[in-house]
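Quick heads-up: it's one chain on its own, the form predicted on its own, in structure tokens.
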Amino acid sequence: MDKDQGRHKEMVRGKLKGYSMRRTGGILITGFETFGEVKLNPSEMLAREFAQMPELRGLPLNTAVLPTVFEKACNRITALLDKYTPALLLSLGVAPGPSIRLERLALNWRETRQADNSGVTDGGSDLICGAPAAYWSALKGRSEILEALHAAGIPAAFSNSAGSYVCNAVMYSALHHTASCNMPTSCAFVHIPRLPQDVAALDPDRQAQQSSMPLELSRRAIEIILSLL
């Protein structure tokens, strides 16, 4: 065993001891800051709205807006998990498309020609060397959530790919961290469409390629998801 592996195992053992000594529970909701041509990020707006609520379903509620930067966002999500040890983590991101996307699978991979907010691009690399290729999220097999969204008149679908940008990186980092540290946390990730006013600000040819959803409908979708997770 090399020194780095030894230090990692000691760190994990220390965290496990800490989790057993303090109260766990509650809900953590995260969104992302604006990036690229997304000048209004609905995931950020919803995270800030939920921040006005001290609790949800009688449980402590904490929220955060993550930087759209690979390394910073991944470090921040693991730090938040260590700080709050929530029973549920629901991370929100924005993605082009006409519906709510329930992300079931996170990949140990990043690949993007679109720079993150620090200017980083990647032709393809592992997020965490030597870690599992993928993790299932808490949304795997949760057909009742999809049915409830459809019953409420909200377009929604399951997705087996959260992409290879910062959203997937955060989702994977959270799932790997909770699995490695045996944390009592269910992790889910949901992509929501762009806002109509954000799409309307684009050039006409770009508008034709984009879908959108009013914030009120996305908020209702997240409320339904939270009620069933």
Ligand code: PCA
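Just count from 1 along the sequence shown to find any residue number. This structure is a prediction, so every number in the text was calculated from the model and none was measured.
Keep in mind the form predicted in complex with the ligand is missing from the figure; the text below concerns it.
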Handout entry: Proximity of residue 178 to the ligand in the predicted bound form, heavy atoms at 4.5 Å
Key = no
Exercise for the section: Flag residue 165 as yes or no: does it have a non-hydrogen atom within 4.5 angstroms of any non-hydrogen atom of the ligand in the predicted bound form? Expected result: yes
Exercise for the section: Look up in the predicted bound form whether residue 32 has a non-hydrogen atom within 4.5 angstroms of the ligand, and give yes or no. Expected result: yes
Practice task
Classify residue 68 as contacting or not contacting the ligand in the predicted bound form by the rule of any non-hydrogen atom within 4.5 angstroms, answering yes or no.
Solution key: yes
Practice task
Name the single residue among 106, 94, 100, 89 that comes within 4.5 Å of the ligand in the predicted bound form, judging by heavy atoms.
Solution key: 94
Exercise for the section: Would you point out which of 47-55, 34-42, 198-206, 179-187 contains residues with a non-hydrogen atom within 4.5 Å of the ligand in the predicted bound form? Expected result: 34-42
Handout entry: Neighbours of the ligand in the predicted bound form among 186-219 [non-hydrogen atom within 4.5 angstroms]
Key = 191
